[in-house]
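We begin with a single chain expressed as structure tokens, specifically the form predicted on its own.
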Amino acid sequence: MIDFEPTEEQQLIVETVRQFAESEIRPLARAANEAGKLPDALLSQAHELGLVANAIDEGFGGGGERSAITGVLVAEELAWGDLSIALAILSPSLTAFPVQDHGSDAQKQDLLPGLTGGQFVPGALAVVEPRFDSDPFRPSTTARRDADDWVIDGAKCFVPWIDGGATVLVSAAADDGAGIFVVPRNAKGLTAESEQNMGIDALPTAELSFEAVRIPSSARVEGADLVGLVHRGRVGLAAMAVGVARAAFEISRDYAKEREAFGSPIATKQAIAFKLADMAIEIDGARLLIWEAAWLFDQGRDATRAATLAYQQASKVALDVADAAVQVLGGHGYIRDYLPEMHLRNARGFASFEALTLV
């Protein structure tokens, strides 16, 4: 039976993250978006909360409290603050979780302690490819054996490329199936070109090119479940989509209560009231799908269907709600002095995002 009531510990985490998002993230969100740069001090503050480190095994300096449900609760609150900053704060999960779940002892010793140390260290995972038929489960990027090495060729896009990272995890097709490989960012033959996106302006992303990039045989994350990894990423992104939708809804709701037309708040007008009600219903419905998928992950059960439904629905809800928020604000919704236009641009990206965060 699924229990939808967070534990006392989870509720405390949610309240802590919500306060952090409200007091630290939101005041910097618009400036970060306009500058196209992440606030480094804020990333350090978030790292001190241990939002990713707490899910890493105790033997590597973490808290050993891995939970997909806790992960989606945190992701929603951070994205409610700002999507770009939320993705940056949780980027260490892109390295930590695949390595923790499937990496060798040497890979764990090499990569995990740095993610639980005193400084924020970002992670990077390259899954999406810059082609019209990109399929995260069937990468065109290849990894072929050459003596004791792997040689990687191909291209990736939408890769978080935050300063301070030393490696990127790359999905590639090998003779025995798709796998995940740990590639140094400074590897010969690897080039990164900055992307200019419609949304998530504060988060640096890159298009990567791999031209005969040679890495040792030990760089493969043996047994990595690419399908499971992508679905965990989709549930995390779905939670962030709900966070974006919730933020857009709350702004439009509060605006509608204050904005008067013909002597009364527009929130009392049937067209606006019904629109706001529909927004709230869709947000709550999407959240329940996400919690179900996360619960299945925590139970060790197949969450493929639930994760797919959650991601598809949450992506649609985020875009619909953000668009409705712009409509509620009328002309104000289209100008940059108000946040709904940024929420709408960010929400549009969920149709293209893959594996920008993990739970």
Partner chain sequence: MAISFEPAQSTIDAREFYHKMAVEQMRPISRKYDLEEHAFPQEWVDSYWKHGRSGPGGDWSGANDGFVRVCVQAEELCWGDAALYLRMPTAALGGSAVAAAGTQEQKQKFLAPFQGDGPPVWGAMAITEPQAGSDAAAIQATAELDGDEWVLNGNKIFCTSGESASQHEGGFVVVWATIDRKAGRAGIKSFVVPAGTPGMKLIGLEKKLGIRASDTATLLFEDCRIPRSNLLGSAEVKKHDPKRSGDKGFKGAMATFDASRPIVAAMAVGVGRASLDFVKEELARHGYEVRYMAPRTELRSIERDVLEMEAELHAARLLTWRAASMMTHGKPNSLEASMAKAKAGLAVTRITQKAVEILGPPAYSKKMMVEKWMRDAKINDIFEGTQQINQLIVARRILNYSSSMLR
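Just so it is clear, the structure is predicted and the values come from calculations on it, not from any experiment. Numbering follows the first chain given and starts at 1.
One more form of this protein exists, namely the form predicted in complex with its partner chain; it is left out here, but the text below deals with it.
Stretch 227-235 is the answer when you ask which of 99-107, 178-186, 227-235, 214-222 has residues with heavy atoms within 4.5 Å of its partner chain in the model of the complex. Checked against its partner chain in the model of the complex, the residues Ala53, Ala46, Leu38, Leu319 give one hit for a heavy atom within 4.5 Å, which is Leu319. In the model of the complex, at least one heavy atom of Arg138 sits within 4.5 Å of its partner chain. For Ala174, no non-hydrogen atom is located within 4.5 Å of its partner chain in the model of the complex, even though that partner is not displayed. In the model of the complex, its partner chain sits within 4.5 Å of a heavy atom of Gly331. Contact annotation for Asp133: at least one heavy atom lies within 4.5 Å of its partner chain in the model of the complex. Of the residues in 336-356, those that come within 4.5 Å of its partner chain in the model of the complex through at least one heavy atom are, in sequence order, Arg336, Asp337, Glu341, Leu344, Arg345, Asn346, Arg348, Gly349, Ala351, Ser352, Phe353.
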